[in-house]
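The chain below stands alone and is given as C-alpha cells, in the form predicted alone.
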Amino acid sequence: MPMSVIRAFSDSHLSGDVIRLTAGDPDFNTPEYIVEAAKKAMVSGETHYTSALGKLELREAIATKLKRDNGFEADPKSEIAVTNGATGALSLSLLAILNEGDQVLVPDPGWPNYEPMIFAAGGTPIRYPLRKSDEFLPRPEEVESLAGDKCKAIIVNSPSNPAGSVFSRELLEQFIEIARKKRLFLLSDEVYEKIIYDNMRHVSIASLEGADEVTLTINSFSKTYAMTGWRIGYVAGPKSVVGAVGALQSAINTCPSSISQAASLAALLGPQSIVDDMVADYARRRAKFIGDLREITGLWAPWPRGAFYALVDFSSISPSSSEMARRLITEARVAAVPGAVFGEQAEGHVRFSFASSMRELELAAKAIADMLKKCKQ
C-alpha cells in the first residue's frame, strides 16, 4: 500500500526556496484558548486512558454542536465516537461496515486516501465522476448505475477536496434515495463544513429526511480550528456502527489522546469568532490568488465554493498533470499536487492549497505567470 502521494509530494520539497502549496494544513496557529486548555489538562493530570469512544463530556459537546450547527441529533453515549482525526473516523467506519469484496463508491476527483482505507478494509473502490463540465458535481443517475450488488457504501465529500464544490440539498436528497433503495451506507465527509464562500450553505446529509439510518457523519477539528497535528475527529451515526467503531478503536488505538480531547472540548465551548476570522482570511486569499491565476493566459481557474484549494486547468499547456507539477517545481519553484492524484477527472489540472500566507500566494502566482511567459518566448 503506497504512502499518501500528497504527503510524499509535500515532504520531498521541505528545503530550499520552493513555495509549498501542497498540503491542506492551515498556516494559522491553534487558537491560544485551545492551547491553554491542553496545558491545563496536562498539569492537572488528565494524562490517562479515556473511553475508547472518547470522553463523554466531549461527546456531549459534539452532540450539542451537531444539533445546533448541523440540524440533527445524535446520542452522545452510543451514536458518537471520537477518533484520531477524521482519517481515523473514516478508516474505522470502513472497517466496521465492509466485508471482503464489498464495493464503495468514491468521488473522482476526490481525496486519494479514500482508496487505501477501502483496500485496508478488504473492499474495492469504484469511482463516480465529478466532471469539470458539471462544475465538479455528480450526476445522481450515474452514481446509482454504479451501485451494483456488491456495493456497500457511498462516500460523499462536501465541501469537496480538491474541487471545492458544495452539494445542494436537492442533490443530497437524491443520494439518500439511492442509499435507501440500494441499502447502502452514506459516509458524509464534512471536514470543510465551516470553510465556505459566496453565501453558500453547508447541508449535512444526516439532517435530511430518511437519512438517519444510513448516514455516518465524519468530521474533525483539524481544518476548522487549525488543529491538524492534534489528530482529533469523530463519527456520528447508527449505534450499531458506532459501537463497532469503538470496539475497533479499543483494539487498534486504545483511545484518542486525552490531551487532544481536552483541547477539542475547549474548541467547541470557546469563542467561535476565531473560525469566522480564519474563513474571512481564506476568502481574501482565494480572491487574490485565483484572481491572479485567472489573469494568466492559458489557465482555467474556477472559484471554489468551499475548502481552501484551487483546482487549476493547465491542459492547454500540458495534458499531463504530473509533468506540469514537475515543471512548476523546477521552473517556477512552486510545489503543488498533480490532479491525476485525485482521479481521472482531474487529469490536466494541478491543485494548489491557498491555506498559506498572502505573500506566498502572490509570489507563487507571479512565478507561474513568469514561467509561462518564458515558455512562449
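For clarity, every value in this text was computed on a predicted model and none was experimentally measured. Residue numbers run from 1 along the displayed sequence.
What comes next is about the form predicted in complex with a small molecule, which does not appear here.
- Only one of Q261, T215, S220, S93 lies close to the small molecule in the predicted complex, with a heavy atom inside 4.5 Å, and it is S220.
- With the partner omitted from this view, the residue of Y282, Y114, Y197, F136 that lies near the small molecule in the predicted complex is Y114 [heavy atom within 4.5 Å].
- Residue contact with the small molecule in the predicted complex: Y309 places a heavy atom within 4.5 Å of it.
- For S188, no non-hydrogen atom is located within 4.5 Å of the small molecule in the predicted complex, even though that partner is not displayed.
- Contact between A86 and the small molecule in the predicted complex is found at the 4.5 Å heavy atom cutoff.
- Contact between Y192 and the small molecule in the predicted complex is found at the 4.5 Å heavy atom cutoff.
- Residue heavy atoms within 4.5 Å of the small molecule in the predicted complex occur in exactly one stretch of 157 to 165, 295 to 303, 242 to 250, 282 to 290, and that stretch is 157 to 165.
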